[in-house]
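Given next, in structure tokens, is a single chain: the form predicted alone.
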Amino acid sequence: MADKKINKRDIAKLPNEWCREFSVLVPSRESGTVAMTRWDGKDIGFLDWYRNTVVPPRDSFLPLIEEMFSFYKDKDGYNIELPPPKEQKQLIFGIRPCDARALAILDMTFNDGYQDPYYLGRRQNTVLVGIGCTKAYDSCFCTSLGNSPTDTTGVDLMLTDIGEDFLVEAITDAGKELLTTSSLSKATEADQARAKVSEETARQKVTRNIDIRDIAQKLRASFEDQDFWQKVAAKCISCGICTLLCPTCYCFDINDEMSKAQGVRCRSLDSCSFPIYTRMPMENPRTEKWRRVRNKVCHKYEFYPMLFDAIACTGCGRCIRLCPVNWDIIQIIESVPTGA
């Protein structure tokens, strides 16, 4: 299918058309925190101010807390009742390339060995419409990780800013299907040329860089360097912001909430930064803060690549700009010693 284009003044037509079939989510700051929320059918103003959400779109697939099932006990034993499936499909409109790539990374985790029905059910029921970045934060470093502000990895449909219009490119069959119900103009060669210029301009606006060459080997060599990790962890306050707002972090805890003979089992997001993370009945496996910080860094850049041949970081920069004590992952990676 040839690329299409749509004038920015008419962009609201797209989510209005799609909301007949999908629950459409768009960037919003009505709650005071920028997050993906239900499309209200009219306000497309986020195109003027939106850079990226604070709460990653990951939360639409791995919620802060969710009920896995309910249960009750009778004379025959325990009985389990699964929550009813959500039948309406969802469409995330305006997801940034770094966050779409993050979901592609999470897919590896939740589809490996045991296939998680909660996460995968939502993923299989969702269409992603990306909008390329035009103004990076000074904390963004996606280009250092092989990504770009207009990367199409993980999206079904991609919109690229070309001035008064958006170039609309169908990436997957699901994206092509979206366009069958939309009357858009055919893009010209001039439009496609403008898109290439826009892509290069956006790439040049990502000014922070990180050298990840041999980073897994460096981390492995310095794993036992306690002095280094204590310095790295010195100003961390273990608040968990960097992990709870990271688009590729996925750790969770599971708890049963009971009242007499009935209850629910809930899954909730957790953070390896917390002192009580994965605490067992008798001990916490990482009581020292420096060990928890080491685990966080090594998981992204050493452990995950060992498992899936992919760094579990997309360079979105949330962990840098939202950290209350200005802990900077780029500075940490750059300071990793080569070891003995």
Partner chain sequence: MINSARQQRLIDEAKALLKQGKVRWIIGFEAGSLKFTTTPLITADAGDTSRLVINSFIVNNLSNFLPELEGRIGIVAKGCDSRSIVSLIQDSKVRREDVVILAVPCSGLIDLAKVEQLIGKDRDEIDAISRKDDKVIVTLAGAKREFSISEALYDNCLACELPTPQEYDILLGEPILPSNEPAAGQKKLDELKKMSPEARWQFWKKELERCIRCYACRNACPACYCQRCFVEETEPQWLLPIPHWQDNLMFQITMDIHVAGRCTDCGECQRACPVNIPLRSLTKEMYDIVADLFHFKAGMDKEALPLMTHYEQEEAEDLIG
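Bear in mind the structure is a predicted one, so any value in this text is a computation, not a measurement. Residue numbers count along the first chain shown, from 1.
Note that the form predicted together with the partner chain isn't included here; everything after this is about it.
With the partner removed from view, the residue among 231, 176, 196, 203 that has a non-hydrogen atom within 4.5 Å of the partner chain in the model of the complex turns out to be 231. This chain lacks the partner; the member of 213, 86, 235, 186 within 4.5 angstroms of the partner chain in the model of the complex by a non-hydrogen atom is 235. In the model of the complex, at least one heavy atom of residue 289 sits within 4.5 Å of a heavy atom of the partner chain. Remark: residue 240 counts among the residues lining the partner chain in the model of the complex, judged by a heavy atom distance of 4.5 Å or less.
Within this chain, residue 253 lines the site of the partner chain in the model of the complex, having a heavy atom no more than 4.5 Å away.
With a 4.5 Å cutoff on heavy atoms, residue 137 counts as touching the partner chain in the model of the complex. Each of 51, 325 and 328 places at least one heavy atom within 4.5 Å of the partner chain in the model of the complex. This chain is displayed without the partner chain, yet in the model of the complex the stretch 261-269 from 149-157, 93-101, 125-133, 261-269 comes within 4.5 Å of it by heavy atoms.
Shown without its partner, the chain has 30, 31, 32, 33 in segment 3-34 as residues with a non-hydrogen atom within 4.5 angstroms of the partner chain in the model of the complex.
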